[in-house]
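Below you will find one chain, with nothing else, as structure tokens; this is the form predicted alone, and questions on how it binds or moves follow later.
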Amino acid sequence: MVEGIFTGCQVPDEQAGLIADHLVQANLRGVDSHGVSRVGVYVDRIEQSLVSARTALETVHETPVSALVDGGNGSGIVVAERAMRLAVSKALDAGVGLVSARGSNHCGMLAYYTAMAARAGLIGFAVTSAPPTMAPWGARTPFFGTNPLSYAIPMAERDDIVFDMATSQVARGKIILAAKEGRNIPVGWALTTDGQQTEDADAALDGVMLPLGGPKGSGLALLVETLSSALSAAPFGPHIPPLYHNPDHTQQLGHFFMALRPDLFRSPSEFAATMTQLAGEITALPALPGHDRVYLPGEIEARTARDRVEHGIPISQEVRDELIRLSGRLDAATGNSR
């Protein structure tokens, strides 16, 4: 259904399939804030000519280990996938691949891209800039985005380690999804416009996000901004237009991707053995009361994905209705039937 919605917007078949796969994979992993709930805003921006339906990457500058690419204001998911694919290719050839991207848009779940590197036997790293919703430590005005980062480490005998986090207290997508579904949010995620704690998702969206761990999250957000925006010459901080409620301006986001071949330092077997021992010792630690055991990053998401493949993905009625409405409208416009 999601693929058909995007082909109905004149997105090429291969790119529509990639976008659909990405969004459904996010839901499979339990990252519902970055899943099919994003279809509506992606479609709106394509139909308003704020995102190009067809994504074509241009290589601005390239070396054997690096590249700067411009996405031409195409789909962020397509730009990011192509950029990480290039980083992986360079790492397999030269040991390391570094790709900076600009002219992009919201690229979804960063874990999707770092997991690509891990599946190729590489260590992956990815960051992206975002519209200003989070105040730097000590400030009361938004400047940074939620500025997420992700890494992935290949594992020989268990699920790959895949870590994905916002540098804010929580990904903004979780607040957007809560507002769409009429749910409250926990206190501590965000402040209202007058600086008060709130459980109201709509008030939080109008207000300001809080950095994770105070100055620590703020410092990480600055690193993400540097790698995503300063390296690529993409807009930064308050110069990035919003994704939602923005009928006039393109975003032109920046991203950064790295893939690293572990055998630059150690033999593959030695590295795999150490990671197996490291993971085994961590997960064997005694668990706190209320926890069944200690998990590695990505383990719970991988388990959720297996469960949802077998039993299905729970989708709220609000998101379900939106998908049905979009599918019906675009089918009618293109003369398709499914």
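Not measured: the values here are computed from a predicted model. From 1 onward, residues are counted along the sequence shown.
One more form of this protein, predicted together with another copy of the chain, exists but is not displayed; see below.
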## Note on the structure
Checked G138, P186, P247, G182 for heavy atoms within 4.5 Å of another copy of the chain in the predicted complex; positive is G138
### Task
Tell me, out of L243, A201, M116, M258, which residue has a non-hydrogen atom within 4.5 angstroms of another copy of the chain in the predicted complex.
M258
### Task
May I ask you to state whether S89 is within 4.5 Å of another copy of the chain in the predicted complex, using heavy atom distances?
no
### Task
Spell out, yes or no, whether the shortest heavy atom distance between T304 and another copy of the chain in the predicted complex is within 4.5 Å.
no
### Message
How about L285 - does it come within 4.5 Å of another copy of the chain in the predicted complex, if we only consider non-hydrogen atoms?
### Response
yes
### Task
Considering only heavy atoms, tell me if G72 and another copy of the chain come within 4.5 Å of each other in the predicted complex.
no
### Message
What I'd like checked is whether D21, G40 and L205 together line another copy of the chain in the predicted complex, meaning each has a non-hydrogen atom within 4.5 Å of it.
### Response
no
### Message
Please pick out the stretch from 305 to 313, 29 to 37, 45 to 53, 265 to 273 that is in contact with another copy of the chain in the predicted complex, where contact means heavy atoms within 4.5 Å.
### Response
265 to 273
### Query
Going by heavy atoms, what in 129 to 166 lies within 4.5 angstroms of another copy of the chain in the predicted complex?
P136, W137, G138, A139, R140, T141, F143, F144, L149, Y151, I153, I161, F163, M165, A166
